Every structure is written in C-alpha cells, then in structure tokens.
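Just one chain is shown here, as structure tokens, and it is the form predicted on its own.
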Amino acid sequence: MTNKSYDVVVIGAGVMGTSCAYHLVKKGFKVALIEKIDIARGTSSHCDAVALIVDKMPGVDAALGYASIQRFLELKNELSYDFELHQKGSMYACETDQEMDIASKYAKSMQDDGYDIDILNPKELLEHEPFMAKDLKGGIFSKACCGLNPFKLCFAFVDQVKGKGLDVYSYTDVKGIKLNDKNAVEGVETDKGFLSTKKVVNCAGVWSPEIGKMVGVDIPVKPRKGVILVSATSFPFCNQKVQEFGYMVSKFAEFKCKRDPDVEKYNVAFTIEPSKANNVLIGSSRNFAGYGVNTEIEIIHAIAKRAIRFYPILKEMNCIRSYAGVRPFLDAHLPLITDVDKVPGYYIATGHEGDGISLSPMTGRLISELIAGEKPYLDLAPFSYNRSKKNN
C-alpha cells in the first residue's frame, strides 16, 4: 500500500463494516475498508443467521429491527451476490404458564405498536412445529422474520462495490488515527501505509474499544460469548427459527422467570434454525469470558439438554461440531450508531451484541446518511454516543 486518500475509512470488515462501506459507496463516497484478518472472519462468521423482530423490545429497538428486515428485502434484489435470504417467520415457545403470560403481554405490546405478531395456543404451536415437545404451553409467532447466510451477506456487500468506489485492505493492522490541532480526523496509520481521510467509521465490534482509545474515546463494549452446536444432516424436521421464551429472559433484564440452575449458570436459552444443507444450528449461551472462543463441554451439555427438552427428536441425532463467537455487548442493549462531538470526523457503529446480522442493513444506511449530512431514516438520539452520562 502506498499512501492514498479516501473520503471515508471504515475499520472492520464484518457485517457492520461491509454494510457501512456498501451504503457509503452508494452515496458516492470513495471508501477504504480495513480488516486485520479478512472479510467475515470474526464475529460475523461465528454467529447464527437471522433477522428477527420477535427478539426486540417495543420502541426504538423494534423500529430498528423492523426497518432492517424491510431493507433486507430490498437488498435481495439490489445485491447481485445471493446471500440466501428467506422469509419463513420465527417463533417463541413457552415452557411454563408464567412464560406464556409474559410472552402474551409482550406480544400484545408489540401488536399495539403495529407489528404483526400472533399468540399461539399449544395446538397452534404444534401445527407450526409438529416435532416439538407436546407439553409446551404455547408461544408467539411473526411471519416477518428472515433467515440468511451471514458469510455471503458480507461478501455480497463488498462484491457489489469493490473497485467501484471501494478498496479493501485485508490483513492490515490499524496502528493509529491521526488528529489535527482541532482534534479532528486527518487519517489512519496502518502497518502498510497511511490513508488520508477526514472521516473514520469504527466498526471493529468487540475490538472497537481499542480503536476508540486511539482518539481518546471510551467505548464501553464488552465481549459476550455465545456457543452454537451444529447437527448432522437429517430430514427437515424444523420449519423456521424457533426459540424458547427463556431467550428473552437471558437477553433482557426486564423479563423475570424462574429457570433451571444449570441453564442460569451460562445464561443458556434454546434456539434452533434450519440450514440450507438440512443441518440445524442449536444454541445458545451468553456469558462473559473474555475474548476466547473455545467451546466448554459444560456449556455444550447444557445447550444439548435444553434442546432435547424442546425437540425430543434431537436425542437421536449427532452433534458434528460446535463453535463460539464473541458479541459486542453494551449494558443499554442498544447499539452505538453515532458521530462523536469531541472528535470531528469520527463515527461508531458497534454494540449490537447478538443482533449484528439482523441490524446491519439499517446500521449501514444510517451511518451513510449521517456522514452525507442527510436526515437519517430513524432518529439517532437513542443510539448516540452521548446518551449516557458516562460518555458526556
């Protein structure tokens, strides 16, 4: 790399960075995308593969999630590379009467906000998923939710604009961000040369705090690990993404339910989704264990036990592998999609935790609108860097 000049430099080539890069190029910007390894090699390749509305809280969280699903439907026709988008819906299953009561109230609050979510009785639950356990109390369902291939999504964003306004610098380390005497961005120093720019977007996920330190910005992201199991191929016994309502309990502190102690220890909640190859992905856990992506046998056992509870047929199937990824967690449960007043030209798109794939289309669009000086599609105040006193 020789020294070059760009309108915007995006750091991180996971789903956030590739989406931001794509949407920025579509706005007419000349963009550099920097990645320390390669495209989709971090969190975006160690996750599940869905875009959901039924795992979002009413309000701005659900609004961002629903807008992203609509953007996905546009991207299916807009991007040449097939990222395997399908819209089969998603379902929550309730194990106890307490969960069913809480889930029904949640669904009604989402219905009040205009989202199409059905409340299912036990018979209707089994009509959707005949191989589920027969003693479940019911559930909720949304036909809006989508599945996709997260690897191919990242490649689809890049391939559409690479060489047409986007340059990709894989296996390139960011060493520093140069600021001028007014604390504004002037460029990015890498191990392969200097990129001159007035605008930088930090899309480094769980590593975004390190990129924040380069300009004196504290980004309170913590790595939260999730483990997923992969089954052997079988006949298609699962029709859509299915989760236990305990997933909402593990994700949000607002929901309080009694849970099995083995499940509580690693914040395990059952999820399952079919793949195009007739495997199923089974999850998942949520625990803070640093940046490591090893899959502890205790967590694998807890996930498997939980899965068999909801789909007894899984007891007869083999688990062929497991994998883990670290998600960028923020206490607020809302991502940062923002500029930073004290460092003009510095932008952040991180903190999506397990919603990164789901929220990537609108995050990229919103960042591009922000940088272009346009009115964003959604109000960005809830996603602002200045939303907490800690960062003021």
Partner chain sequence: MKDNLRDDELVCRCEEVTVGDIRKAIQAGARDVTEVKLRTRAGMGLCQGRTCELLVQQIICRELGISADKAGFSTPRTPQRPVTFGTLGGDGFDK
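Residue numbers count along the first chain shown, from 1. All values reported here derive from a predicted model rather than from experimental measurement.
What comes next is about the form predicted in complex with the partner chain, which does not appear here.
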- Message: Please determine whether each residue of His333, Leu370 and Ala381 possesses a non-hydrogen atom within 4.5 angstroms of the partner chain in the predicted bound form.
- Response: no
- Can you pick the one in Thr96, Ser322, Gln160, Gln111 that has a heavy atom within 4.5 Å of the partner chain in the predicted bound form? Ser322
- Item | the partner chain: the contacting residue among Glu298, Glu127, Asp82, Glu264 in the predicted bound form [heavy atom, 4.5 Å] | Glu298
- With a 4.5 Å heavy atom cut-off, would you call Ile282 a contact of the partner chain in the predicted bound form? yes
- Query: Just to confirm, Tyr115 within 4.5 Å of the partner chain in the predicted bound form by heavy atoms?
  - Reply: no
- Message: Does any part of Asp38 reach within 4.5 Å of the partner chain in the predicted bound form? Heavy atoms only, please.
- Response: yes
- Could you tell me if Ile102 has a non-hydrogen atom within 4.5 Å of the partner chain in the predicted bound form? no
- Query: Any idea which of 140-148, 194-202, 68-76, 227-235 reaches within 4.5 Å of the partner chain in the predicted bound form, heavy atoms considered?
  - Reply: 227-235
- Query: Going through 338-365 from first to last, which residues have a non-hydrogen atom within 4.5 Å of the partner chain in the predicted bound form?
  - Reply: none
